[in-house]
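Just the one chain here, laid out as structure tokens, in the form predicted on its own.
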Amino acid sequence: MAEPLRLKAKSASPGIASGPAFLAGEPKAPSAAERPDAAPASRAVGGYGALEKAIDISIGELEHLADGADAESRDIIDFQIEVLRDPTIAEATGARIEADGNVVFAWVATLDAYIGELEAADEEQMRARAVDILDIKNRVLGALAGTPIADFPPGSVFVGKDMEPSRFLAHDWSKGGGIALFAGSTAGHVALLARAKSVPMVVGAGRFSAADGDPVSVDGNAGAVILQAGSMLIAPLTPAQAPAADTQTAGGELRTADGVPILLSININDAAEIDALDPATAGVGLMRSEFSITSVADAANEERQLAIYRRVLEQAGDRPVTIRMLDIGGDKPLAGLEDLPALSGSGLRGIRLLLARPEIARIQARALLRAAVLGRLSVMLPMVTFPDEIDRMRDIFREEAEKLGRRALPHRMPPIGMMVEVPSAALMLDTFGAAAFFSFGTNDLTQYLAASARDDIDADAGKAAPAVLRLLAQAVKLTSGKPVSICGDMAGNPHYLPRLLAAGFRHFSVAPARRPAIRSAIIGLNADGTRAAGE
């Protein structure tokens, strides 16, 4: 039996604790069924009044934490309340709101600037204050979105990059437990609180991989973290890498009747749906991130997004996962963005909106860059129309990767491909040299090709299908040998499978419920779409 893995760290609070790991930032995203009834607060994001209300809620929560707290804890909370009431913070945020129009991103920009100043300080004690400001930034974002920071199970070992003071104070440590931080500081407020409450804690363990619930021990005397066998270290900082030439895997491979390999992946709309990834599945061909990020406050929360992507990638293991960046705008609104004049036109959607509102794209890019070290992640850009849109988005990824590098946060440049759902792009795929891969989205492609509404019954009845299939067959010939898949509704309909195989598609990504039907159809067909003998 393999020996447990012992990781060297720095002691921040003495003592030894063991328990199930709690991975900080595990997603608390509402399920798809819950979204239509989202909390009113999440729909009300926008306007300085909403921010004032969120700050008041946050101050009330902090004051509640201060009730019965010891003197040191109250000092920390008082500092955070003081920052929340600081008129210079309000003025800076107000100025950004006037210039930019969105309260969430104005708040994030103001607090991030503050955090950046602290992180750049020479003194360790000043740098350690950055997490205190990050704490109140995320607390207010949670109040704006109606998703407050949740507690974690008593007796567990908190594992994460850092820990917010208010989360420490809100937790019941009487049941035991400890803290193991990838980064952190012995001079930080949480370290101070841990020593005061005799909670074993180590910092600077470096990034390591552990599943939620895995047994973990914290040795605050010797400065070590002990993991169960099978866990592993992750490189502390990975330089940006060129896009991989191929994002596919041999796992879950099918073969047509004449022996041609076919990959069958699933589409998911929510991190919770990753549970449908059974061993016979080649991976996640499409994760629509806009279904997990349901408000502008979520879109502004890098840590929350990272937690969602982490869950998907860790569940997928060594199988590839393709996450589509936010496909919002036009007829796909995001709560909190409806009031922006720039979004009144229906044409501003997908990558056009992300490039028009780069503050949204940059936050998601950072979350994706950080998530890429956790698995085989590829990033897909929505509604791409022109080649320069990919170039501009790749520039954003490169710039954000450099920033993460300066902050010593592990990251990796994922392959960046494009969703092919705009007819003009499908006809010109040979000009999209910057795309690492192509995935055809037949729902929007049908809509725009047929000049119909998305729910138009004529288009859904298949009247547009012959034109769509002809376009697909032409477009596949323009992909220059790059990886190609198809993930729209047409991919999950056995009726169209012969034509899609004949067009050259070898990778299908479908809704989990459609996988058995497509799997059965594939094995009964030859690669040219003809029926196998005996079928």
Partner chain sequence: MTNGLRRKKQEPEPLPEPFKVNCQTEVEVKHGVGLHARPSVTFTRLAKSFPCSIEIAVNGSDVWLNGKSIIKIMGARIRKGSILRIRADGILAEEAIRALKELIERNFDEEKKHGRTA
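Positions refer to the first chain, counted from 1. Bear in mind the structure is a predicted one, so any value in this text is a computation, not a measurement. In this text, rigid core is short for the largest set of C-alphas that superpose within 1.5 Å between two forms.
If you look for the form predicted in complex with its partner chain, you will not find it shown, but the lines that follow are about it.
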Using a 4.5 Å heavy atom cut-off, which residue among Asp388, Asp278, Asp151, Glu82 comes into contact with its partner chain in the predicted complex?
Glu82
Within 4.5 Å of its partner chain in the predicted complex, heavy atoms considered, which of Glu399, Asp78, Glu314, Glu359?
Asp78
Is Gly68 near its partner chain? Define near as a heavy atom within 4.5 Å, in the predicted complex.
no
Is Gly433 close enough to its partner chain in the predicted complex to count, meaning some heavy atom within 4.5 Å?
no
According to a 4.5 angstroms non-hydrogen atom cut-off, is Leu62 in contact with its partner chain in the predicted complex?
no
Is it the case that Asp214, even though its partner is missing from this view, gets within 4.5 Å of its partner chain in the predicted complex, heavy atoms only?
no
The stretch from 503-511, 462-470, 52-60, 476-484 that lies within 4.5 Å of its partner chain in the predicted complex, judged by heavy atoms, is 52-60
Pull the contact list for 125-140: residues with a heavy atom within 4.5 Å of its partner chain in the predicted complex, in sequence order.
Gln125, Met126, Arg129, Ile133
Indicate whether Gly60 shows a C-alpha shift of 2 Å or more between the shown form and the other one, with the rigid core used for the fit.
yes
Core superposed first: is there a CA shift of 2 Å or greater at Ala69 between the shown form and the other one?
yes
